[in-house]
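Form predicted on its own, single chain, as structure tokens, below.
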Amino acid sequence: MTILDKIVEQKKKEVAAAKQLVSIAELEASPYFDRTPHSFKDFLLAPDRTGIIAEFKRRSPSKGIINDKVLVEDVTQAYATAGASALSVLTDEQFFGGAQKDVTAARKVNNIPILRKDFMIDEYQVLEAKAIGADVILLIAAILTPAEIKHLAAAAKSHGLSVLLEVHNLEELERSIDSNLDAIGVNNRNLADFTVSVENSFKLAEHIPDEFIKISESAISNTKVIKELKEAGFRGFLIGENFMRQADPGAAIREFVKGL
């Protein structure tokens, strides 16, 4: 069983438990449920922004603790001030040390899109994302069927949320394209063994239809790579550990952006 398999099995249990604890009516009563989400596309393409989707991540299954000493409010505000186009906030607790309250904390102090970064397998999680103040959900092709992607993307769209589809290879890409997607992200990390290579983005770039924003995820550690990815048609760049492994992630992104 891969790490991804273990995560999905745990997620099924968590979602089942959450449904017993918090009803859909309670989610819909959240003060954030009626807010109009920010447009992921508009912020990624804004000329005064960098295209960077800056991630807040305390730990990971492959790296262990990355940074558990900083506050989500401080880090995400620094990211936004430095020119990030969007924020990615991990909400998986067991494997990544995240929490749904991290999204809400970031929402209170930021006015750019927030991606709820989690392993989405159920429409209930889409409603959770809206209730906690997220603007974007992530759908991972590796753990979803084409029918599930279609269903979850439509559910997200019905609530005004943007949808980022994550793929790892051409097979996942070709079977997962749906009209309700806003962006397609190429994960440069192999979720089976967590090795990384940015070449994966360059390999898949020409196969992503032009109507979707192209995003490269993981393994981006210098501005030279971003410039090369832009030439290949990418407009979004998800960066997490490169900033979070520093004592001051805000200072890290400010220094990084100077190179752009």
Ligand SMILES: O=C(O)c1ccccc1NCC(=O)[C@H](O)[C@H](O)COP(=O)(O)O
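All of these numbers come straight from a predicted model, not from anything done at the bench. One-based numbering along the sequence shown.
Separately, the form predicted in complex with this ligand exists; it is not shown, and the next lines address it.
Put simply, of 219, 27, 70, 232 only one has a heavy atom within 4.5 Å of this ligand in the predicted complex, and it is 219. Under a 4.5 angstroms non-hydrogen atom cutoff, this ligand in the predicted complex has residue 240 among its neighbouring residues. Taking non-hydrogen atoms only, residue 50 never approaches this ligand to within 4.5 angstroms in the predicted complex. Put simply, residue 223 is far from this ligand in the predicted complex: not one heavy atom of it is within 4.5 Å. Proximity of residue 57 to this ligand in the predicted complex: non-hydrogen atoms within 4.5 Å are present. Contact with this ligand in the predicted complex, defined as any heavy atom within 4.5 Å, is confined among 146-154, 168-176, 116-124, 70-78 to 116-124. Proximity of 7, 61 and 189 to this ligand in the predicted complex is complete: all three residues have a non-hydrogen atom within 4.5 angstroms.
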